[in-house]
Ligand SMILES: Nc1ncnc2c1ncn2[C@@H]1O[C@H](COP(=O)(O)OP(=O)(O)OP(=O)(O)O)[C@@H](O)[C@H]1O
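Taking the form predicted on its own, here's one chain by itself in structure tokens.
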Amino acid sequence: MTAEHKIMERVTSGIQGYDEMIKGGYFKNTVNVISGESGTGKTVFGSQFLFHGVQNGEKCLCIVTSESAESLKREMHSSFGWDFVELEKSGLITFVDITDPELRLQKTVDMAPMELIKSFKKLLSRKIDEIKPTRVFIDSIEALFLAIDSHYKLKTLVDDLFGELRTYDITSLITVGTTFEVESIVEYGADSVTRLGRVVSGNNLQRSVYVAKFRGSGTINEIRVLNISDSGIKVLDQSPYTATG
């Protein structure tokens, strides 16, 4: 298969209505960013992307930088019935979190930021080489970059990390919050950017989703309702500004 054909392969997200917005799925070998404030559904979005992969027999890697993986597993099981514990035992998914000696971000205040990111990159590469996943989810990337005070240096580090991810035969999904003003640089380096938010319409508070960027493909250029129910996330074919009920 030629490189031209390979780059056009699509990877479905498993999120009903969203793949329609991005014309069939993410391109393989790309880095895709989900940005939004806390509570907009970023972690659920990425977890559903992984759960869809393991249901298809794909190997997946999940790196959690801001909490323990056990918390994520419990939340996804109690909310949606996704049993990541059993899937991990089966070898289809591997979790790395802040309890890993190389990813103790909360205990590395004395480590130089550049060393921390270098350590993370080595960890990431080693895990991908060991596991050989087809999907990688990093939740959330801003924890790595908070101590970088130069925008130029931050852009260089983001580009370097994303470039490393693109060398593997994987499709990456990365979340970034909007609290620390890191997201614009992270978004700039990504192949696609999807923004999650909240919209007030009358007395209703709706979650919203739109595709801000998608290199190499057209998208549906609309803001739509992002609905989270007992079965997970789906995108509704309606505007959050007119949704009722």
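Just so we're clear, the structure is a prediction, and the values are computed from it rather than from any experiment. A residue's number is simply how far along the shown sequence it sits, counting from 1.
Not pictured, yet referred to below: the form predicted in complex with this ligand.
- With the partner omitted here, the stretch from 118-126, 166-174, 144-152, 77-85 that lies within 4.5 Å of this ligand by heavy atoms in the predicted bound form is 77-85.
- Among the residues 216, 57, 39, 202, the one placing a heavy atom within 4.5 Å of this ligand in the predicted bound form is 39.
- In the predicted bound form, none of the heavy atoms of residue 195 sits within 4.5 Å of a heavy atom of this ligand.
- Using a 4.5 Å cutoff between non-hydrogen atoms, residue 43 counts as a contact of this ligand in the predicted bound form.
- For the chain shown alone, residue 228 is a contact residue for this ligand in the predicted bound form, at least one non-hydrogen atom being within 4.5 angstroms.
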